[in-house]
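Given next, in structure tokens, is a single chain: the form predicted on its own.
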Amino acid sequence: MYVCPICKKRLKKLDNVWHCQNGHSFDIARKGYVNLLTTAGRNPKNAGDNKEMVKARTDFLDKGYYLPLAGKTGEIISELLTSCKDPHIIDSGCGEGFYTVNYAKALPDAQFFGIDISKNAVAHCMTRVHTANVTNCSFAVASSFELPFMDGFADLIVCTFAPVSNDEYARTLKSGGKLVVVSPSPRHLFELKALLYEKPYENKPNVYGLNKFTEDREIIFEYPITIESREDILNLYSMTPYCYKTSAEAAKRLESIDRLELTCGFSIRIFTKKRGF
């Protein structure tokens, strides 16, 4: 399953520690995850979302606003793996586990492996699986650009609002393996941007440079929501890139609003790993 992030040898679990043959070891945290983030130039303790960001994301997602997306993506994953027995699925950039747990519920015979660079987020993943009594999920702190898995390990990788790695995804997927990438559609949260900016703009399609994959199709999935809580509005705002790009004056306007009608729009793109990679 896991490989050592230092020497790339296979890790084996003994009691509460993952070991490799070269003597590198990684303790399993009390909550049940393992920290395999040793990427140069990145502090494994402080990478990714902090506790406040994880809480805001959790509080918003737990209200169910994005539950239709989790359900739709789960259906697509299930359809792609119809002929696959006991599939291995990597949720790359899994965040605090909302989507991973919902996918795992939809595919109880699959084994899910969530990774994220945020230790705070991954710790909350374990809280989610314990609360939901989900047993087909494992989590590790790791980077999408240095996946801690063996070559050809996964049948499918799903990436929801997270960085995409052409080389690592191709390395880790089996021959003919599937990749599902979820990103904002052009009209996603357009009404929020209309409040923040004088000239709101549609989202541009993401260009991933996935030259080791063939794109099979794209599904645009959109639905309306109404948020009637100032706290939920601000939590959503903190989850978006606009939080870092908006003027203080515009952000202040948002704090006075306690009801917001929005378009939730998502692009779900499905890829197949090319032969020879």
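A residue's number is simply how far along the shown sequence it sits, counting from 1. This one's a predicted model, so the numbers in the text were calculated from it and none came from an experiment.
The same protein also exists as the form predicted together with a small molecule; that form is not shown, yet it is the one meant from here on.
Contact check for residue 89: every heavy atom lies farther than 4.5 Å from the small molecule in the predicted complex.
In the predicted complex, the small molecule sits beyond 4.5 Å of every heavy atom of residue 107. A residue is said to contact a partner when one of its heavy atoms sits within 4.5 Å of a partner heavy atom; residue 163 meets this definition for the small molecule in the predicted complex. Under a 4.5 angstroms non-hydrogen atom cutoff, the small molecule in the predicted complex has residue 61 among its neighbouring residues. Figure note: of the listed segments 142-150, 197-205, 129-137, 79-87, the one touching the small molecule in the predicted complex, with heavy atoms no more than 4.5 Å away, is 142-150. Screening 189, 117, 181, 154 for any heavy atom within 4.5 Å of the small molecule in the predicted complex leaves a single hit, 117.
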